[in-house]
Ligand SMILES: C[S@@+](CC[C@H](N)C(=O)[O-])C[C@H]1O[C@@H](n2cnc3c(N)ncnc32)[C@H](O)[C@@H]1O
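Below you'll find only one chain, the form predicted alone, shown as structure tokens.
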């Protein structure tokens, strides 16, 4: 059976504010000592994959997983927090709650929690240890996000938040909108709100290697999640048969380097020459890979020579004739079955999951895991399959 992970599923988040704030303040208190909790903003549907990365790569203890967010503790705030591949942003937690009332009285609570409950000087000091100040006057930015229907506007929440924060921002600092030294965020989603100091910057979600972009190009965090699910190991071969801008290949190379246990050979190709040029430009910034011009329906690869396949084939709406998606998937899967070793795994990201399942039917592949995600504003599915061993 597939492990189904629905974007609307709520994790156990009961008493988030009271449990976490009580624990945080009991450990740090007004003495500004100790390590605060952190939280990561995550693409919806990837919460459990990000939690696994945090646990395995940082030794973190995941406390809560909610749609789009993972709250966790680590022993020490370290630069490796910024090396996480499956998360969009990382924050030091100032305060959090899941007890918003949707009414205007929330504004008083937001101001009070911001002013009274958060150890701002301690958080700012930890931030500076990871992101040192540049020369000149420091700049800062205050960000308020709000989703869901509430009895007040985002501008009202922002005003309350800024009022609570104002005493802790030095008057010599300058407010700015881009490339600021410090960012403090308030994010409201329904009954839940999180407030914290942003440790990451835009390169965490966009990645510095991705200088060449293509329409509908895969998000790096999504590609990293697929790479982790594939789990290629040292000495193995990973193939991306429809590589596009090379995002999956780049993430495989980077994650392989982080493992430091031996090289993972990485192959990729595409039918479009312009796409391959963009791919090659991105890949050269991270490491070596074998890139070729080919049709994924007729791969020039030896039978049973690949350990892992990771594929983000075109969605139906990306084709000039959407009804061609069935024949395309059938022909591609036939080739994937030929080149994949017995016991090997394949990871797909598709919108037409039923079409993919029909294409795989008859090859005896075993479905292992499935994750509901959103791509280009549409529901999509990441699925993991294993070819039966001989």
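Because the structure is predicted, anything quoted here is derived from the model rather than measured. Positions refer to the first chain, counted from 1.
Heads up, the form predicted together with this ligand isn't pictured, but that's what we're talking about next.
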4.5 Å heavy atom contact, residue 242 and this ligand in the predicted complex:
yes
Check: Hey, in the predicted complex, does residue 271 get a heavy atom within 4.5 angstroms of this ligand?
Finding: yes
>> Would you classify residue 248 as touching this ligand in the predicted complex, given a 4.5 Å non-hydrogen atom cut-off?
In response: yes
My question is simply whether residue 294 lines the interface with this ligand in the predicted complex - judged by any non-hydrogen atom within 4.5 Å.
yes
For this ligand in the predicted complex, the stretch among 110-118, 151-159, 294-302, 70-78 with residues bearing a heavy atom within 4.5 Å is 294-302
Answer key: of 328, 351, 62, 58, within 4.5 Å of this ligand in the predicted complex (heavy atoms) is 328
In this chain shown alone, the residue from 233, 190, 314, 287 with a heavy atom within 4.5 Å of this ligand in the predicted complex is 314
